[in-house]
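Heads up, the chain below is alone and in the form predicted on its own; it's given as structure tokens.
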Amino acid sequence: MSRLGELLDKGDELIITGEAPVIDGGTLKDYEAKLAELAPWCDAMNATDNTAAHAHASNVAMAIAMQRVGVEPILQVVCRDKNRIAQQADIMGVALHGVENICCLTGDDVTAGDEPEARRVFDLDGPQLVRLANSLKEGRYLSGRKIDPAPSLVIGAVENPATHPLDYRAQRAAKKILAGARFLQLQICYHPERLEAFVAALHANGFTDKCAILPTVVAVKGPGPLRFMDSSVPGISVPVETIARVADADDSAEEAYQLVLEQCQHALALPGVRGLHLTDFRKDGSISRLCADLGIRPRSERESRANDFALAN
């Protein structure tokens, strides 16, 4: 079983996932170097599927590359670009290489990317894609054709707690959990009260007992990325006062760091939250500082401590 699957089964240990950087060429060694800063802190990392509707090296290739360099992958599969046949092929293809973790998401519309003339697919939506993955896990394609042996899969999904209609977000997340999602990576949220309400709704209805909630935090160096996310990333809004806080600070990079630290502390204090999903746009070593400030040890130390505890018992 994957490290992520083991942590989900235990139910009480911190889970840290991360967003692997996209690649547009180079070698396996080049990719390993790109992973080096974030990977030591993560239990598993997302192999993204043409994130933000921009073409990059394929999700399947990235997941296998991670596996080869010793980083546990989470294969992202989106609905925007592929029909159900291609989605099943992606999941079964990585399973052949021992990749177990799957994250299902609808995907940004093509208008968010640099090729807006591309045709949309959207054969399935997010909850339906989770059901598809669960069907493969149970040993059958959507057609009913049997798979023997069935792949060992750890299925997750994505949800946005901060976009409208707000009341519907927790309901949509619940559909994904009921369809088989065991972890939920949340879109970055710059409205703490919205994140609180979203998690509280899931927790009150017992869904956080079935699914690990992992809010996303994004490490940025200054106000520029905050303005970009607010203006150009679908589903994300950054309050004017939050941007001003970073822009008007004497040291905007330090203020941006403090903002992310506060977001992490707030998220981890919410009942039902099991960990964090880290995205690093700074690439200046601040992820190590962030984890140290939060009391999060590197993955290797957390694994070693867990193994020592198991041996002692």
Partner chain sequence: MKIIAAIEHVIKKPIWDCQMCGQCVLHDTGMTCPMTCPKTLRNGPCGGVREDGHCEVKPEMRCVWVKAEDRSRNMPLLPTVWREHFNNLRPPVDNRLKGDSSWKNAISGRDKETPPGWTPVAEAPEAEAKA
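Residue numbers count along the first chain shown, from 1. Remember, it's a predicted structure, so these values are computed and weren't measured experimentally.
There is another form of the same protein, the form predicted in complex with the partner chain; it is not shown, and what comes next is about it.
- Within 4.5 Å of any heavy atom of the partner chain in the predicted bound form lies no heavy atom of G224.
- Mapping the unseen interface onto this chain, A179 counts among the residues with a heavy atom inside 4.5 Å of the partner chain in the predicted bound form.
- In the predicted bound form, none of the heavy atoms of E196 sits within 4.5 Å of a heavy atom of the partner chain.
- Although the partner is absent from this view, G206 stays clear of the partner chain in the predicted bound form, with no non-hydrogen atom inside 4.5 angstroms.
- Only one of L124, V217, L214, M229 lies close to the partner chain in the predicted bound form, with a heavy atom inside 4.5 Å, and it is L124.
- Only one segment in the set 94-102, 230-238, 70-78, 196-204 has residues whose heavy atoms sit within 4.5 Å of the partner chain in the predicted bound form; it is 230-238.
- Applying a 4.5 Å heavy atom cutoff to the partner chain in the predicted bound form picks out D123, L124, D125, P127, Q128, R131, S135, E138, R140, Y141 from 123-141, in order along the sequence.
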